[in-house]
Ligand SMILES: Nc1ncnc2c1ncn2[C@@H]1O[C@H](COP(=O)(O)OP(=O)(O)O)[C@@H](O)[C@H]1O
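Okay, so here's just one chain, in C-alpha cells, the form predicted on its own.
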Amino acid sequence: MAEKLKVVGLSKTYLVDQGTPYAKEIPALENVTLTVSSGEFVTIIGPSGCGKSTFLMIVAGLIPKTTGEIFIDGRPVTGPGLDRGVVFQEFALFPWMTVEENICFGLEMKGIPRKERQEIARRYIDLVGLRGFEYAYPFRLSGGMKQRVAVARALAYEPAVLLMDEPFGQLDAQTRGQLQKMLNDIWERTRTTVLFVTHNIREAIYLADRVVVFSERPGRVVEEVVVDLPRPRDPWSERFFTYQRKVADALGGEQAGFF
C-alpha cells in the first residue's frame, strides 16, 4: 500500500518553570519513527503519561515538535491543515451550531458550495446514525451522540488522515462498544487512514490493523503488533485473547492494567 503518513525521528521536550531557578527539561517523546499506509487503521497504546496524545497533537500540527520530520503524502507538516481531521476525547463541538452546521464547518473551510455542503452533511448524518437530529444543538445530545457528530464532522471533508485522541474515553461501556462498532463499519466503507490513540487494549485490537506500543515517558515505539483477525472481530475468541496477551506483555503484563 502507498505510504500516507510518515514520522521520522520525532522527539518532544518540554521546558517547565522557565525563567526560575527550578527550570528543567522534561522529555515527552524520544526518536519516534512510524509509517502508516493509505487506508490503514493504526492504534497507539501506552502507559498513562507516555506522550501518545502529545504525539497525535504534533502530527495534527497543534503542538510544535522539538526534532524530527512529519510527512503526509510526501508533503511536510508544518502546522494544522485540512489534510488531517481530528477527533478529541472532549466533545469539541460548536455549541451555537446545529448538528448539520457542525458537520458543514470543515466543508465550508474548503470552499464547498452551500447546497453541496448540506448534501454531504446529510450523508454523514445517516452514516453515524443521527437522522432526525440535523437541527439539534449539542446541549440536547447525549455524550455518545456528540461524539458521533464529531466523527462525522472530521470525516465529511475527506481528510487524508483521521487522528483520534481517545475519542470514546469519556463514554460508558455500552455506548463505547456501540461507537467502536460504528467506527469499524465506517472505516470498512470508507477506508480512511486512521491513527487512533487509546489506553484500552481490547479497543486497540478490535479496531486496528496494527497496534503500536509506546514505552513509559519519554515515549518510544517498543513494539508493533499486526492484528491478523477477520472483521467484524469477536473480542471473546481465543485468537483475540492471544493478541490481548501479546499487547499486555509489551506494556508490562499485569502492570498494564490488563488483568
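Computed from a predicted model, the values in this text were never measured in an experiment. When you see a residue number, it is the position in the sequence shown, counting from 1.
There is also a form predicted in complex with the named molecule; it is not shown, and the following applies to it.
Undergrad: I'd like to check something about residue 14: if you look in the model of the complex, is any of its heavy atoms closer than or equal to 4.5 Å to a heavy atom of the named molecule?
TA: Judged by the heavy-atom cut-off of 4.5 Å, residue 14 is in contact with the named molecule in the model of the complex.
Undergrad: State yes or no: in the model of the complex, is some non-hydrogen atom of residue 65 no more than 4.5 angstroms from a non-hydrogen atom of the named molecule?
TA: No, residue 65 stays farther than 4.5 Å from the named molecule in the model of the complex.
Undergrad: Using heavy atoms and a 4.5 Å limit, would one call residue 190 a contact residue for the named molecule in the model of the complex?
TA: Taking the distances in the model of the complex, the answer for residue 190 is no, it never comes within 4.5 Å of the named molecule.
Undergrad: Can you tell me whether residue 232 touches the named molecule? I mean in the model of the complex, with a 4.5 angstroms heavy atom cut-off.
TA: The answer is no: residue 232 has no heavy atom within 4.5 Å of the named molecule.
Undergrad: For the named molecule, considered in the model of the complex: do all three of 26, 48 and 53 come within 4.5 Å of it, counting heavy atoms only?
TA: Looking in the model of the complex, the three residues 26, 48 and 53 all sit within 4.5 Å of the named molecule (heavy atoms).
Undergrad: Which of 204-212, 223-231, 66-74, 26-34 has heavy atoms within 4.5 Å of the named molecule in the model of the complex?
TA: Answer to the contact question: 26-34.
Undergrad: Enumerate the residues of 228-251 that have a non-hydrogen atom within 4.5 Å of the named molecule in the model of the complex, in sequence order, or give none.
TA: Counting only heavy atoms within 4.5 Å of the named molecule in the model of the complex, no residue of 228-251 makes contact.
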